[in-house]
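Before any questions on how it binds or moves, here is one chain, the form predicted on its own, in structure tokens.
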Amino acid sequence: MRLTCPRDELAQKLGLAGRAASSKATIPILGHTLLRAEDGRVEVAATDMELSLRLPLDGATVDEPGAVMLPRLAADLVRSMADGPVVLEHRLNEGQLSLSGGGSSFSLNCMQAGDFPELPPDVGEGLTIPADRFQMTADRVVRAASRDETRPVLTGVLVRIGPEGLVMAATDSYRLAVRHTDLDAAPSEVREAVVPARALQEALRLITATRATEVEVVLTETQGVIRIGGVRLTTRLIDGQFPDYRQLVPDRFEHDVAFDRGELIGVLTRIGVLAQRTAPIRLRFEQGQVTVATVSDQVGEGRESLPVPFSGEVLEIGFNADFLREGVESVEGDEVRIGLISPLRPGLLRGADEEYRYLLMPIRLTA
């Protein structure tokens, strides 16, 4: 194989593909990136057997078709080279890759492409969604997914596509984020799957990197495919029953308090500086105001009051500082409303249009 490619294009695509490569040493070849030139197409690909990425290498000139495995450091080397074309050359069954350009030349040990596992086959057409709507939905939900592998289904995001549009939901059992987005061409049949949060995070990065305007989503029985600007991301779906988010959100609240979103973010950011992992943010609601406070044995304490339209008996409730701030930041618009029942019942954050809902479990407060 021998080909020439612009440095920036090669560096970007190797960097993006490398995010799907495995960081574990159990199967060494999975830590490498496949570069393949055949049938008039040049692409780079990587997989860890859970998630795979296939990206076109644009602007490449192929002198000899073929395939080679590139080690992870190849992306860093290309990025460090002077601007201009980069030439890659590899002879069949040899363990050396020649990389040259901009006055630099390298000879890298490489593995044989024939030992690389077969990538998931392509599937049929899916539903095309405007990239900005997909991005808005996934970005506000994916952060609520769990990182605890003992409950695999909670490490994913429920993706539901049907007549009502696109719905994504995620929970780590301490908070629940749900975002509904209307679609111009919503399908008549419902398709639902639990997609690994990591796959959606990678999709968000690809949208930004490629500046794509559309995203195509395909959900089969066992895998999800997301096509973004010529890039194909394939992921295994998570098997299991995702909690019914509609039953988790209370029907009514004793209090529905409206805040200026920007003002509340500012207060939570300042008070949150003092909040440690074990120190919750305290919200004390009383006639016409709320006091936001925290107390840390290691750092100190802080408090700040805001005027709010609250009436009735005093209510004091505690929340995880980071979770509360992230929820407020994810609400769209200038206003955020917090629905409250009691100090031991979850609070619901939402905006004026209620397209996004964020349910947050409280922390029991001590005196």
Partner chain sequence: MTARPSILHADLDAFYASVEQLLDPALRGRPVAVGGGVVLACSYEAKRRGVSGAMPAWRARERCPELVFVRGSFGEYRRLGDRVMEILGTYTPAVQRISIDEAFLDVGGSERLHGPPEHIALQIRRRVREEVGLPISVGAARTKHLAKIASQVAKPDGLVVVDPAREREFLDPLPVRLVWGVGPVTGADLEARGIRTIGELARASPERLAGLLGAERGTRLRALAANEDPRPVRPGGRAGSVGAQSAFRRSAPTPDLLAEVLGHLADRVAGRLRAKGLAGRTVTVRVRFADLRSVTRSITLADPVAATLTLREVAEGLVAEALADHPRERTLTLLAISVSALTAETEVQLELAVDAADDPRRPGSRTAAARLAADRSVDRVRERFGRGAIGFATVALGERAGVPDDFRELAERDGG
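From a predicted model like this one, the values you see are computed outputs, not experimental measurements. Positions refer to the first chain, counted from 1.
Below, we refer to the form predicted together with the partner chain, which is not included among the displayed structures.
**Q** Quick one: is residue 320 in contact with the partner chain in the model of the complex, heavy atoms, 4.5 Å cut-off?
**A** Yes, residue 320 sits close enough to the partner chain in the model of the complex that at least one of its heavy atoms falls within 4.5 Å.
**Q** Heavy atoms within 4.5 Å of the partner chain in the model of the complex: does residue 176 have any?
**A** It does: once the partner chain is placed as it appears in the model of the complex, residue 176 has a heavy atom within 4.5 Å of it.
**Q** Is residue 231 close enough to the partner chain in the model of the complex to count, meaning some heavy atom within 4.5 Å?
**A** Answer no; every heavy atom of residue 231 is more than 4.5 Å from the partner chain in the model of the complex.
**Q** Applying a 4.5 Å heavy atom distance criterion, does residue 154 contact the partner chain in the model of the complex?
**A** It does: once the partner chain is placed as it appears in the model of the complex, residue 154 has a heavy atom within 4.5 Å of it.
**Q** For the chain seen here without its partner, which of 100-108, 278-286, 77-85, 262-270 has a heavy atom within 4.5 Å of the partner chain in the model of the complex?
**A** That would be stretch 278-286.
**Q** Tell me, out of 190, 248, 186, 92, which residue has a non-hydrogen atom within 4.5 angstroms of the partner chain in the model of the complex.
**A** That would be 248.
**Q** Looking at 163, 243, 240, 130, which is the one with a non-hydrogen atom within 4.5 Å of the partner chain in the model of the complex?
**A** Filtering the options by heavy-atom distance leaves 243.
**Q** Let me test this: is every residue among 52, 55 and 224 within 4.5 Å of the partner chain in the model of the complex, going by heavy atom positions?
**A** Checked in the model of the complex: no contact with the partner chain for any of the three.
**Q** Counting only heavy atoms, which residues in 349-366 are within 4.5 Å of the partner chain in the model of the complex?
**A** 359, 361, 362, 363, 364, 365, 366, in sequence order.
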